[in-house]
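Taking the form predicted on its own, here's one chain by itself in structure tokens.
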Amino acid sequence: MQDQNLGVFGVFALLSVLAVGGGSAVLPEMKTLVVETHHWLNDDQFRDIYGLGQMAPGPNMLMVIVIGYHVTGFLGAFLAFFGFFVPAGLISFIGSRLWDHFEGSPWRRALQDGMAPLVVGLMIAGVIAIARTAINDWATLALAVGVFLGVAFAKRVNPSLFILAGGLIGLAALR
């Protein structure tokens, strides 16, 4: 159990420092580590926990707490939370101090411009990782496209309602 706790902390601390642009950017690596490397979850469990994180209020990456809890209980939940949020928080704090110090520097603008496509690419990789576990036939593809179109074009409707509707349709299809 001790090794598992250290493993949970280590995995999420590593993901924390790799999470350039937010937690969604590390979803593919999180899935690889949690599902394929350590076998703490299977594809369906990972997809379901991710979906729960999207629906629950607050930051969607609180899903790491659920994963940690699944592995070793309350201590695992705490270690996953601490490992994922504290290193990134410290790096952000120190980085923001340096960022403000170099205001007006030409390299600051160049770095900012260079990071934008990287972050977008990492987020797209996260979408692909989740889509590979969630879309497994024509019905789930149609449902995913429908939810995407609803979120993209129905600007006055809360996106959570489309996700909830997709979940309810998927649940109804299972019966």
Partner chain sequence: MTKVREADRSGAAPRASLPEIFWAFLVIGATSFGGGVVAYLRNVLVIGRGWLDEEQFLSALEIAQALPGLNATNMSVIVGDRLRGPPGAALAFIGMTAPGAALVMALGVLYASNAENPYVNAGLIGVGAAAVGMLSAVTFQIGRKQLAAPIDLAIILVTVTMVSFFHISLVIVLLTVGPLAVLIYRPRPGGVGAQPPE
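Positions refer to the first chain, counted from 1. Since this is a predicted model, take the numbers as computed values, not measurements.
Heads up, the form predicted together with the partner chain isn't pictured, but that's what we're talking about next.
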Heavy atom of Q112 within 4.5 Å of the partner chain in the model of the complex: yes
Though only this chain appears here, would R132 touch the partner chain in the model of the complex if you measure heavy atom gaps against 4.5 Å? yes
Flag V35 as yes or no: does it have a non-hydrogen atom within 4.5 angstroms of any non-hydrogen atom of the partner chain in the model of the complex? no
Can you tell me if R156 lies within 4.5 angstroms of the partner chain in the model of the complex, counting non-hydrogen atoms only? no
Heavy atom within 4.5 Å of the partner chain in the model of the complex - qualifying residues of 91 to 120: I91, S92, F93, G95, S96, R97, W99, D100, P106, W107, R108, R109, A110, L111, Q112, D113, G114, M115, A116, P117, L118, V120
